Every structure is written in structure tokens, then in C-alpha cells.
Ligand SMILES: Cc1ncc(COP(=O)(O)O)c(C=O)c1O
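A single chain comes next, written as C-alpha cells; it is the form predicted alone.
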Amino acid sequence: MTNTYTELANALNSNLGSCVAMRVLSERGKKIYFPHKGILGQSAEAKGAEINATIGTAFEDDGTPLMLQTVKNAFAMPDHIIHAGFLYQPSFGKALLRKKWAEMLSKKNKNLQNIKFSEPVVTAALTHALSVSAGLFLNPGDTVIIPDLYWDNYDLIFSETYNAQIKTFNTFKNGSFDVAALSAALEEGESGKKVVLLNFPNNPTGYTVTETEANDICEVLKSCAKKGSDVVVLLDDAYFGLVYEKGIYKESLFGLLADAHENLLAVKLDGPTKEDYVWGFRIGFITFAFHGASVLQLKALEDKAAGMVRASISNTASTSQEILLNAYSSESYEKEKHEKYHTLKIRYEKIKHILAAHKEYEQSFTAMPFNSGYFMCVKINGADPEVVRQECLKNHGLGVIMLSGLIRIAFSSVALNKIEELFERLHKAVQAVKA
């Protein structure tokens, strides 16, 4: 993907020519671009499609956004929320919300209950948390080790903005996460700083590791630290909690890594965007842990993260933080969250049933491993996936995303009664291209 994006940046630079704007651009400014050919551009093209499975939001079957009632109720705006919305919050985030999120982390991750970790720092959603992490831990030329099936915004954040190198390893082997490929990637080169980014449930594939794979991954990372490397593990937990099968690891790897080794720094990047269906609130969290960390050391990391927030956006939105704190304090929050989870789980189960019932679809595409999240991916058989995407859009009223050579389907945004038709249209589109 990086080569394609370099072309986009070069095209913008060419359009600027030799004018003063081009002459004063920094090296970072010369490398930046808007990813028109990525997920955002493809989603824009699909805006009028009858079935739009492009964007990572979630909708009810009637087309309204998936919402927790406790969050929706806040838009009646009690005075304390209105008043808070007019005032600044600290660059660290609202103190009560940070404390509440930390409590929720321990509740959702039993492995964290007796482990010391920093208080979460509030960011402008998870993308900003990734950027804060990059600013804290990456120098130009440093390498980030990532599975080869990854969200395209990682290129924009790590490669183009922070001038780091992305090194990928094979994601799947025989339908399972390729732990050996991760181990091999860590073994390459000399010992020293190793930065790894893991994202479960994965975007684009909708895959979360099994309990066995989770433990194996952590052993590999711990082994690397024991051999003398300083290991930074960035955990993109954007879709945390949305796991639909038994035997899949339901907690964050943060719980396994937080106290793993003194040479291993675990950094949890998460937030309510997908977990609580508040995509426009733009609130995220960044949390740190390592074996033997003192309160003073964890506070220093919090200060550095807050400094990055201060230097980039000053502080995050007050109203969003206040509404979320209000929702998390509601007695009905957990019940409502389970109801919305069930909405997505039913769609997942419908897809599994459709794929099992329609063996003829194997002529057109093969489903990649998936068990969680908002998405699933298919590998197109015998046709160019980008040509198939365009055929879907032009002649079949279907919007999908082409990413990493796969077709990504956001079932989170497709009504239950449209899912069967979605796959039928995709099958017809592939056959039309092959013909």
C-alpha cells in the first residue's frame, strides 16, 4: 500500500510545482496526502449504493445508527453536561472519566485485576492515540512490525507522518494466526528496540486470536524481551469485546503483557468509538504498563502522553467525555451494550450460515478467517479485486472496500435482511468480471 500512497503524495507535490507553498513544505509535509484511493475514498464512491458495506459504523436494520439508550438520552442535555461542554478539560482528560475507564478495564480484563497500570490518558479517539504513540516511541527510520493484513491508516500515521518503516509478517497460516511469522519478524536484525502493533479484532479481517494463539503470541514477545531487546507492543483494541465464538480470546492482550517482562512496554489503545457505538464522539484512551513499573514511572508516561495531546490538539471534547461518564454510571448500560452486541452477532451468524449453504460462492470468493468485530474479508478467485469492487458499485448497487488485495465487507452497517442479497450480488459481480 505504501507505494500507492507515495504516488498520491508525489501527485500533490507535482500539482504544487515550484510555488512558495511547495518550497516551504517540511519533509513530513511533502510526504503527507489524503488517501482518496483508500477506505475513505472507496466509501465516498459507494455513498449511493443500495447495499453499502464499506464504512466501519453500525446501523439498526431500519437504517438508524446503533445507539445505547443511555447515551442517546444525554442529548436531552442535563445542565451539568451543557455546562461541562462549554469548558476545557485537562490535556490528560476528564479525571472522573479516566478513573472510570481504568475501573472498566480491570472489570473487562480479569488478568489486569492484580496488575499495576497507568491511568488512561484521553485522546481524540483511537487514531489520535496511535499518533501519540508514534510520537512517543518512533524516530524517523524506526520499524513497526505489523501483520500484513492491516488498516490502511497505519501507513498514513507511521510511514508518512512519522517517517517510520512498516515491516509486515504473514497474518494467517492454515486458517490460524501465524505466530511463527511474528517470531521470525522479531528475530530479524539485531537486538534493540522492537515496536510491534497488534489489532484484535482485526481490521480488515474481523479475526481475533484463539486463547492458545494469544498465549503463544505473548510467549514470543516475552522471549524477545528476555533476549535483551526492548519491546514496545502497541495494542489497537478498537473493536474490543465484539467476539462471537467460543474459544476466542475475549480479553485484551494487554492483560497478558502488562506484567510480562521489565523489557516489554505494553501500550493499550482503545476507546468507546466502536465499543459503545459513538463514532462521532472522537474519544479514545492510551494506557501503559510494564513489569516492575513504579507509580512515578507510570505517571511520567501519562505526563508524556498528555504533553503530546497538548502539543497537537490541546485537549479533547468536553461534551463527549461528560456524556460517556454519564452513560457508564447508568444502571442500564451493561444491558443495553449486550443488546447491541447481539444485533451484530446475529448478522455474523447469518453470514456463517449463508457461506455454508452456498457452496457455489466458492467459484467466486473464499472467506478469510473471521470471528469478531465489524468486518469480514473474502479473497476473490480468478479476478482482480479492484475490478470486482468497481463492478459491484457500477452494476450491482453494492459498496464494498478493496484492501490488501481482499474485499472487505462491513456487515455492521448492513441490515440483517440484506446480508443474503449482499453475497448474491458479490457472486454475480465476480462472475461478470470473469466472463
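We number the residues from 1 along the sequence you see. Worth saying up front: this structure is predicted, and the values here are computed from it rather than measured.
Note that the form predicted together with the named molecule isn't included here; everything after this is about it.
None of the heavy atoms of Phe365 is located within 4.5 Å of the named molecule in the model of the complex.
Using a 4.5 angstroms limit between non-hydrogen atoms, Trp151 touches the named molecule in the model of the complex. The closest non-hydrogen atom of Ala185 lies beyond 4.5 Å of the named molecule in the model of the complex.
Among residues of the shown chain, Ala327 is not one whose heavy atoms approach the named molecule to within 4.5 Å in the model of the complex.
Out of the listed residues Asp236, Asp155, Glu322, Asp276, Asp236 is the one that sits within 4.5 Å of the named molecule in the model of the complex by at least one heavy atom.
Site annotation in the model of the complex: the residue of Lys337, Arg282, Lys116, Lys304 reaching within 4.5 Å of the named molecule with a heavy atom is Arg282.
Residue heavy atoms within 4.5 Å of the named molecule in the model of the complex occur in exactly one stretch of 242-250, 80-88, 176-184, 125-133, and that stretch is 125-133. Contact residues in stretch 198-212 (any heavy atom within 4.5 Å of the named molecule, taken in the model of the complex) are Asn199, Asn203.
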